[in-house]
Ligand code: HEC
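Just one chain is shown here, as structure tokens, and it is the form predicted on its own.
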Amino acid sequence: MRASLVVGGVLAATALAGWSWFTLSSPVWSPAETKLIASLSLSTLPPLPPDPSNAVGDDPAAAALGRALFFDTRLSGNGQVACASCHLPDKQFQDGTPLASGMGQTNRRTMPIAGTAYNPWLFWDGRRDSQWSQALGPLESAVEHGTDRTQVAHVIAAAYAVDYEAVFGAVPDLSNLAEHASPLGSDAARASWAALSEAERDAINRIFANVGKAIAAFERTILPQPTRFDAYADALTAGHDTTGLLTPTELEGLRLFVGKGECTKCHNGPLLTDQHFHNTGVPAAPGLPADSGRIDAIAQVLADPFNCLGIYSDAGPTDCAELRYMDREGHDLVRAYKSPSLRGVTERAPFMHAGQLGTLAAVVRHYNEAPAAPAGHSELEPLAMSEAELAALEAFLGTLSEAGSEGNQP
């Protein structure tokens, strides 16, 4: 009984859209729609460009070292937290919880890793401008790894000297340095840092930066994998028979995705993200401090000593255009967050930057209703989609996922 009602509802909705059963099985797309669908296929993803700020980004030895560091709990204050504690390989390198937890609980949702090597900005607010500088932030966060850069340097010297030196050169003598020292963290760690010479601080910072670069070299190998949608898009582009590659409901959802739903305004290209920041009226998470998103991240990325323009970057004088010319002010940056990739989205609940929306159905309903933003101005306008259309759109999003995981699992 329930199945017949669902099928009947879908047929009624598609009939209203002017489709017959025959055209629903093999819809006729306009040239513009075909071009847009083709642009979303993973087969159009260009080769991964080098990161000019990371000279070892594509070095297999650096990636092997980075993989070991990614899973090493010694890079934490309690010896129990690794990058992989929140970025779980069997969960698309995220954790499936509203807020990430390490030494404590953060105020943001863990983001997946696949394809982030293409991203000019990291974290939900873009407060870091490379994978390697992003990797360093959690290490010194009191609620994530809870360690400090000098402790990390000691771990490298004690456990990874041979592998590190094969990639980066000699590890300096750290035997006379305190176990904990950092410009961040506890009063004791900051006092120890202040007592170091400039040369000692630079030596620690270089090891710390190189740890990030090795982790980034590993993360650059984590890429999204083709899905049923990609098979459909490629067959459509090639003029091949597409019958049976997507269901009638999924095809209706695709038409909405590239049309009435306006999804491709933010989720475009083969990674299904424009890599930019948008205020879409996402509600504030109860019990968390006020969060203004991108507008507060501008000062952070500019002040980061490990950014693309910093002395620990390998970039040349003509590189770092994203950082040099980024938008630094504007009302549209208030509560603006990065558009995440939709690849693998159906296995990645809860959603939004603090897990505010628990289901994909709640997400599509949010975009349909376009509520006012808690602060700033939402870019959304109500879409007036029917219940059947919302269900079809959700069904299409399922074609962007592979069973189990979105990315490689090295």
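Everything numeric in this text was worked out from a predicted model, so none of it was measured. A residue's number is simply how far along the shown sequence it sits, counting from 1.
Only in words, not in the display: the form predicted together with the named molecule, which the text now covers.
Point to revise | Sole residue of Ala181, Cys83, Ala233, Ile156 within 4.5 Å of the named molecule in the model of the complex, by heavy atom | key: None of the other options qualify; the answer is Cys83.
**Study point:** Answer option from Arg220, Lys91, Arg255, His267, heavy atom within 4.5 Å of the named molecule in the model of the complex
**Key:** Going through each option in turn, the one that passes is His267.
Practice item. Examine Leu397 and determine whether its closest non-hydrogen atom to the named molecule in the model of the complex is within 4.5 angstroms. Key: Yes, Leu397 sits close enough to the named molecule in the model of the complex that at least one of its heavy atoms falls within 4.5 Å.
Point to revise | Proximity of Thr110 to the named molecule in the model of the complex, heavy atoms at 4.5 Å | key: Yes.
**Study point:** Contact of Ile37 with the named molecule in the model of the complex (heavy atom, 4.5 Å)
**Key:** Result no; Ile37 lies far from the named molecule in the model of the complex.
Review point. So in the model of the complex, does Leu393 come within 4.5 Å of the named molecule, heavy atom to heavy atom?
Key: Heavy-atom contact with the named molecule at 4.5 Å: present for Leu393.
Review point. For the chain seen here without its partner, which of 212 to 220, 197 to 205, 323 to 331, 233 to 241 has a heavy atom within 4.5 Å of the named molecule in the model of the complex?
Key: Within 4.5 Å of the partner lies stretch 212 to 220.
Practice item. Sequence order please: the residues of 41 to 78 with a heavy atom within 4.5 Å of the named molecule in the model of the complex. Key: The stretch touches the partner through Phe70 alone.
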